[in-house]
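Before any questions on binding or motion, here is one chain by itself as structure tokens, the form predicted alone.
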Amino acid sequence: MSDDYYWGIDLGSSAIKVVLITSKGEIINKSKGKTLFPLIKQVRNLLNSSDFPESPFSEPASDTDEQIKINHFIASTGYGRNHIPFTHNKLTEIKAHFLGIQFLYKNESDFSLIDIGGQDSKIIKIKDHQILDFVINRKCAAGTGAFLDEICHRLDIRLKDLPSLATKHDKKLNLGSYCTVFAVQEMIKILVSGEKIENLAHALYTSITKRVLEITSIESGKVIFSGGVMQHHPILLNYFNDNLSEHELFLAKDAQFSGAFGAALSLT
């Protein structure tokens, strides 16, 4: 194992992900926690956790002055990347996810990368091992992790039960609402009319797939998915396959950590 440690921190809207790697890109370990505030305290707790062989901080450290050991290097990405003062590098989620996925799929030069996050969805077009273009959906949280969380909360469904419910559907429903608030109202109205929750679960996944694919056209033959939503709801791969049957679809290993992994790689 290398004497140097490379840390990647992905500060997302719902979760903070941390990956520690060697100079060769080998993952030593990874960890995650909820995005809570003060943000810097949550990050420090993760970096100091027993999940990792040692802390990157020298003692003593204070809230305003973090002393980083000389053989530790830290990069940040995600919404909160600019709020962590002790990092050596800050990069966008687009660049971080690209670096993480490209490392895992070294032999793939042309593909589309779809990252479904907590607050937005991104489609990144890769050509000749470079980012050609990208599109981000920021108009509404529909089609994101927040969309799933809010609807499951309002309908009193456990998020982890959603995939199994969807597999038991016996009818295909379409949700017309683009807004999370209106989608909740639409689903409640459908339930009141006597519809089965299993059919609504299926409709919810169908809606997410539709919203993501409306962002832009998928031109490349291969599509790779990253992000926490896909990692925790791999059933979505089936829904995307129904709409992208002429493409090869892949779910990245440890998809939720793709951004943190890419951030760490930016230092090596």
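As the structure is a prediction and not an experimental result, all values here were calculated from the model. Numbers follow the displayed sequence, beginning with 1.
FYI, the form predicted together with a small molecule isn't displayed, but the following is about it.
At the 4.5 Å threshold, heavy atoms of L159 reach the small molecule in the predicted bound form. I101 falls outside the set of residues with a heavy atom inside 4.5 Å of the small molecule in the predicted bound form. Heavy atoms of D110 never reach within 4.5 Å of the small molecule in the predicted bound form, leaving it off the interface. The closest non-hydrogen atom of I116 lies within 4.5 Å of the small molecule in the predicted bound form. Here the chain stands alone, but in the predicted bound form its contact with the small molecule, taken as any heavy atom within 4.5 Å, falls in 230-238 among 230-238, 22-30, 46-54, 210-218. No residue of the trio G8, T92 and S266 has any heavy atom within 4.5 Å of the small molecule in the predicted bound form. Think of it this way: in the predicted bound form, the small molecule has a heavy atom of just one of M187, A146, I84, L173 within 4.5 Å, and the residue is A146.
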